[in-house]
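First, one chain by itself in structure tokens, the form predicted alone.
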């Protein structure tokens, strides 16, 4: 059995467990602290944690090896994670990767002999508009060049890490959130009976902004109708979809509106606790979010008897994810909060009936909750004055790729792809990937289509693909992502994505027969109906849309000798 490094003792781990509480829901925070302290999670540390929590060691091992930011292997003092997604690819990721290999003298997946640096790939760091991007522990670096790689490494070797931090500058147009007075939405909501709060959200026809588009008022109504002593409202800030980074901007600049939306939701459904599930790659936002929460407590906007309403007690905590794209799915997120692998649950029951700790739970996206605050501040008629009959309101879009002005933009639902491209300088694009890796690739001939639930629904990712790009490279990048991020729970996703990736490689080499391509299409269609959760069901979407809309591009390849 491996031994804990001499600097760590059982007493140290006991102290960590006592700080978080000897409860299964504390397992991931405990392992995060052990990893931070020792740069590894040893077998013996897992045994001690299991003993203190009263669970089997294999359960600790299962969690520690599932999450990208927890895996038990020894890491250096500084873990360098280079974003591997498509937008960073377009921005010059390959040259940066070579510069990192050269500067550190190691390949990806390795640690320097002196134990200072570990080099890894990251699935996405949420900086798609400012690629190539990388993380060094919790510090983010954007628009990285080979020359900047040398500077960053030199500064960390010289222990001048604070000097190496880069500013994050996100281009954007004027966002409605900036015009909303702090507290206005909450004040209006608390003046209403709880049932009227739900009716207001339903009346605005607000649909979830995370991509699924489920009616928010309906979800709240289901949960409000449940009889339970404990209820929860969870903010899904696990923004892991490649090409999506709008929630990062909202959390950084408009966190008050998010917390206000959570508080309104808490009042509506009868919850006393809210949880923000913050993705591991956004750990640098955690201190800011906790500061805003503290300020709201001091102002009487969180805590006991909010708004002078006797018995309305509601508070918010921030929980940090550990690196798993699948936790963007609401039941996998709940599993993670409970201290398990992020694997989607069978449904029914749905979270509104049996969610976190088996209690009624509402899970809403960051943008959805901020929009709730705006609706109460300005009214349902104002909100429905934007968009279309079936897609009300405005929407934030994360724009990246081959365009002049990448960033976060607000447009009303119903905008055409062509009009959006004009706004962001994406003229000449041959395709646009809508909805990130799990979305669809739309060819230029269809740019008159509208971004709306009744045409092309999306969580907000718009990746512009210029005429010089190979669409099979796009499909390959996305499928590599899904092969890496599949939780492995169901066969269609676990094996299907690997088969599709093999097929793309055959297509690129000109060795894929028409019959085999037909089989791959059939496989993708099967995955869309047979996979257990949204990850597996949507993972073949980009491939299917590319081989369908760009058949001539993908099949007319020179045959391999």
Partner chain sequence: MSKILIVDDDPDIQEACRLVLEKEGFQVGCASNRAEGLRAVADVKPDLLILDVMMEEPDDGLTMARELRRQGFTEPIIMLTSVNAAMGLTIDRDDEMVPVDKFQSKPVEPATLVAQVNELLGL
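Only a predicted model underlies this, so the values are computations on that prediction, with no experimental measurement involved. Residue numbers count along the first chain shown, from 1.
Here the subject shifts to the form predicted together with its partner chain, a form of this protein not shown in this document.
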Among 457, 407, 414, 217, which has any heavy atom within 4.5 Å of its partner chain in the predicted complex? 217
The one option of 89, 75, 256, 199 with any heavy atom within 4.5 Å of its partner chain in the predicted complex is 199
Which single stretch, out of 106-114, 444-452, 188-196, 333-341, brings residue heavy atoms within 4.5 Å of its partner chain in the predicted complex? 188-196
4.5 Å heavy atom contact, residue 353 to its partner chain in the predicted complex: yes
Whether residue 225 contacts its partner chain in the predicted complex should be assessed with a 4.5 Å heavy atom distance threshold; does it? yes
In the predicted complex, residue 221 touching its partner chain (heavy atom, 4.5 Å): yes
Give a yes/no on whether residue 348 approaches its partner chain to within 4.5 Å in the predicted complex, heavy atoms considered. yes
